[in-house]
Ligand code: HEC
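Listed next as structure tokens is one chain, alone, in the form predicted alone.
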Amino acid sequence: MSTSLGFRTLGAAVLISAFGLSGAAVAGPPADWSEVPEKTISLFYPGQSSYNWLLSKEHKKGNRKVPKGAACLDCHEDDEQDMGDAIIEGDHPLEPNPAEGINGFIEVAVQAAQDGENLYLRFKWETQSDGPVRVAVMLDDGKVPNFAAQGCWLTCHDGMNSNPEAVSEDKVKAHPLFGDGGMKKKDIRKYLAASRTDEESSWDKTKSADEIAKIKASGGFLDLMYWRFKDGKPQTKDGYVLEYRNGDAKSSIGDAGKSTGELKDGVYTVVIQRKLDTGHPEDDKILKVGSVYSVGFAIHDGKVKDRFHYTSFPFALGIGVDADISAVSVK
């Protein structure tokens, strides 16, 4: 049974409205992905392995290496599958309530291409269900310290939604930055330590809005884009992570591009398309051919949400140059 989840399932009028497409020819992904190099990586179930846990004694020798900028793969290369299985099986300090019916890891074939205007990232994996799916990409251009080494773990902290010591809605709403008098949030989402004032990167010890704005203006944020199929509709979202997991400014929504997804014979294939230069450097990383960036991937597979996802260690993405994952030219 084949179920199409791509944007091609939408009418032409919807495409034009959603992405500003005109009748003019537009660039597109490779017609034949078989000619594009493929890298298979393991995304594993991380449980509640927040950055706080990485710095704890439970992380054994890692708690001393992480503050020095040690790369996760220095100690855990090829360990992803074993770690994911151990965490998801239950009775593990990183997962008090494991999700039922999912594996500890998934193997994902990743391909990348570029045409001088757009970046195309293709993900292919065997799914565990026909439920909702979400593919997220976090990207940095070297301006967030240690992201190239420790990836998205830099963004996960105690106090966040579904993490240890998750903060109550009342406390969030009373906070001067996040609450009713500020961003009007109800819980805490991903953030970077650079936006906090204490060594523990506590959720509530935030820098001032002006200080955070200066960090953002200097590029000290992570670009975040994702594709998902929700409520019967495919969607792309574009945002960034700094003091919170933010959506882009209104003028930048949709810059994640015209992306597609398909479920066929138990295999998901998702292609995320993004402009290299979105025209919005204030909340997007502007990509250039000939440069290398750091990326981390996450996939929610099946009827799960929040921390019940699979995540990768960080990899180097080369735009037209050699790297762990190379976006080859398809002009």
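One-based numbering along the sequence shown. None of these values were measured; they are calculated from a predicted model.
One more form of this protein exists, namely the form predicted together with this ligand; it is left out here, but the text below deals with it.
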Inset, instruction - Name the single residue among Ile253, Ala213, Cys75, Ala174 that comes within 4.5 Å of this ligand in the model of the complex, judging by heavy atoms. - result: Cys75
Inset, instruction - State the residue from Ile299, Leu276, Leu54, Ile41 whose non-hydrogen atoms include one within 4.5 Å of this ligand in the model of the complex. - result: Leu54
Inset, instruction - Answer yes or no: in the model of the complex, does this ligand come within 4.5 Å of a heavy atom in every one of Gly62, Lys65 and His92? - result: yes
Inset, instruction - Using the partner position in the model of the complex, report whether Ser49 sits within 4.5 Å of this ligand, counting heavy atoms only. - result: yes
Legend entry - Heavy atom of Thr236 within 4.5 Å of this ligand in the model of the complex: no
Inset, instruction - Examine Phe313 and determine whether its closest non-hydrogen atom to this ligand in the model of the complex is within 4.5 angstroms. - result: yes
Inset, instruction - Evaluate Met83 for contact with this ligand in the model of the complex, applying a 4.5 angstroms cut-off between non-hydrogen atoms, and reply yes or no. - result: yes
Legend entry - Partner-proximal stretch of 226 to 234, 189 to 197, 131 to 139, 84 to 92 relative to this ligand in the model of the complex, 4.5 angstroms, heavy atom: 84 to 92
Legend entry - Residues within 4.5 Å of this ligand in the model of the complex, restricted to 226 to 246 and counted by heavy atom: none
